[in-house]
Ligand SMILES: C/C(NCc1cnc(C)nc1N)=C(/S)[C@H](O)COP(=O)(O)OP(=O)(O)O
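Here's a solo chain for you in structure tokens, the form predicted on its own.
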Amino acid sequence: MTTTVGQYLSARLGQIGLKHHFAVAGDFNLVLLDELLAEGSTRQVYSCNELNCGYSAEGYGRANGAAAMVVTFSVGALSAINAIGSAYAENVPVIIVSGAPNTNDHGSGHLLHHTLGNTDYGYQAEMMRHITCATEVVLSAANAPHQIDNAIRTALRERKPAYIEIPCNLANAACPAPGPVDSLLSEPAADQASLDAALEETGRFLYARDKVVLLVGSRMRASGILDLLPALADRLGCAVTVMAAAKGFFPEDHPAYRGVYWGEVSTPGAQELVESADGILCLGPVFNDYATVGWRATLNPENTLLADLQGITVNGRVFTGFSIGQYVEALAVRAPRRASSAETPRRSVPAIPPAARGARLSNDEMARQINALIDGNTTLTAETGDSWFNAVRMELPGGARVESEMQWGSIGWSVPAALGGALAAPDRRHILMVGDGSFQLTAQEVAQMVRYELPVIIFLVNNRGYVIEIKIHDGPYNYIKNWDYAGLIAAFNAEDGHGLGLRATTAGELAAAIEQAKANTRGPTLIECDLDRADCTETLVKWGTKVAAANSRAPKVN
């Protein structure tokens, strides 16, 4: 049996569980797009530009476990690099497929459009090698199946993006048909001896501790075993905290949950609990400058067990040869049962009192009303900025999820990412919190929400500037041209759309707008929330001051 290179790729994407792929057309990928449509395992979803295409795929991959995108050579793929950097930093397996020049032009001396103006066409793959776990340049149809499979397999195992380059004259070239997909989806077997030794050392670590706390980090999303964490907490009998970027990764209605650990801006009680513990099990953490509040929140290594995606460090020893999922799954069964060390009472985030309906809309009131909208079937996407801090202080029912991008932190990510998440999980309610400055980078993708009738509820904070940057380091570059954000939806709707654009300046107007948004099931609803520029969370101000101090450290003198 034979197929074509493009149809082989299409079949594999469907076999690994994708229902959609994202695309921006360009002359080097047009035949490839035709082949994907002809095979039909995944629906082709169009983006306004390649950056948005990549962010959409990244958001889809978070909800679905993997994603794919198709762009054209150079002018397309290089625009997508920022988004692929995000997928790499955030551990999301996005398969980026780029069309490429005809194989007859390689080494011919021909000068082609969409290139750097020289005859070396290998620069794009070289760039991609730095931000992917596998880079495959297909130069023959016969080798294409092996190369496609290798890229997909590596992306799924390493939870990182992979790159496939397909010349325009090979997309419809004949190649062998795909076989069973088991080898792409199967996880490598654990090194049982190493895993057993790691579990024994973990037991020694736990037996020697009186006060144990579980700290869940953002890399646990890539583990695929978030649903096992409550069983592990029950087995250990310990309190559980999450890092800010892992908000929602552990059910907040579980009796062991004790809040968000974020150094000096932790939720009430969480910093004291974690930093006073003599045994901290850190699962998939990322201790960067943002997470540590400018390197101020540090844990005692002697009291810390660090579990990363491919091994653990405990009691001064390193164990590898197994995944964090295999480790947690085994630990939830084999860990020594302990008397509960979760007796530290849970301290709730202070409730925000409702504002009068006619009161000027405030950040607190906006956050209160958004929190009331969240149920156990909600995904909240929080953009870089004060949306992080508003999300962290919300109390989530079991099943609710939060998605943020705290490692890469590229403003504008959230709008396309929310679109991708809504396509991947259409049965969930999708809420997006985004600031006006971030929105201006990727606003066009709301038009695609209109096109695909995605009922994302967008809370756009209009405070006329990059407030997070103002709090870190102020200057005239932090103030932006105001837009009629609510008015954009009419333009995006054109003659056939069903989006809603609403504006809220008071608490009552926001409540009324939310009711309209809940009733609008055929497109997005953008609610422009008019806030004073100085009105933000206290934690943003405190955090911004500390991060600014870290950024302004004087150079070391040798």
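Because the structure is a prediction, the values reported are computed rather than measured. All residue numbers are counted from 1 along the displayed sequence.
Below, we turn to the form predicted together with the ligand, even though it does not appear here.
Undergrad: Tell me, yes or no, whether Ile468 is in contact with the ligand in the predicted bound form, where a contact means a heavy atom of each within 4.5 Å.
TA: Residue-level check for Ile468: yes, a contact with the ligand.
Undergrad: With the partner left out here, check for me: in the predicted bound form, does some heavy atom of Gly435 sit within 4.5 Å of the ligand?
TA: Result yes; Gly435 sits at the interface with the ligand in the predicted bound form.
Undergrad: Look up in the predicted bound form whether Gly409 has a non-hydrogen atom within 4.5 angstroms of the ligand, and give yes or no.
TA: Flag for Gly409 set to yes.
Undergrad: At the 4.5 Å heavy atom threshold, is Thr384 in contact with the ligand in the predicted bound form?
TA: Taking the distances in the predicted bound form, the answer for Thr384 is yes, it comes within 4.5 Å of the ligand.
Undergrad: For the interface check, one of 204-212, 435-443, 107-115, 217-225 should have non-hydrogen atoms within 4.5 Å of the ligand in the predicted bound form; which one?
TA: Careful reading of the contacts points to 435-443.
Undergrad: Please tell me which of Asn91, Thr72, Gln326, Asn463 lies within 4.5 Å of the ligand in the predicted bound form, judged by heavy atoms.
TA: Selected option: Asn463.
Undergrad: For the stretch 113-152, I need every residue with any heavy atom inside 4.5 Å of the ligand in the predicted bound form, listed N to C.
TA: Heavy-atom contacts to the ligand in the predicted bound form: nothing from 113-152.
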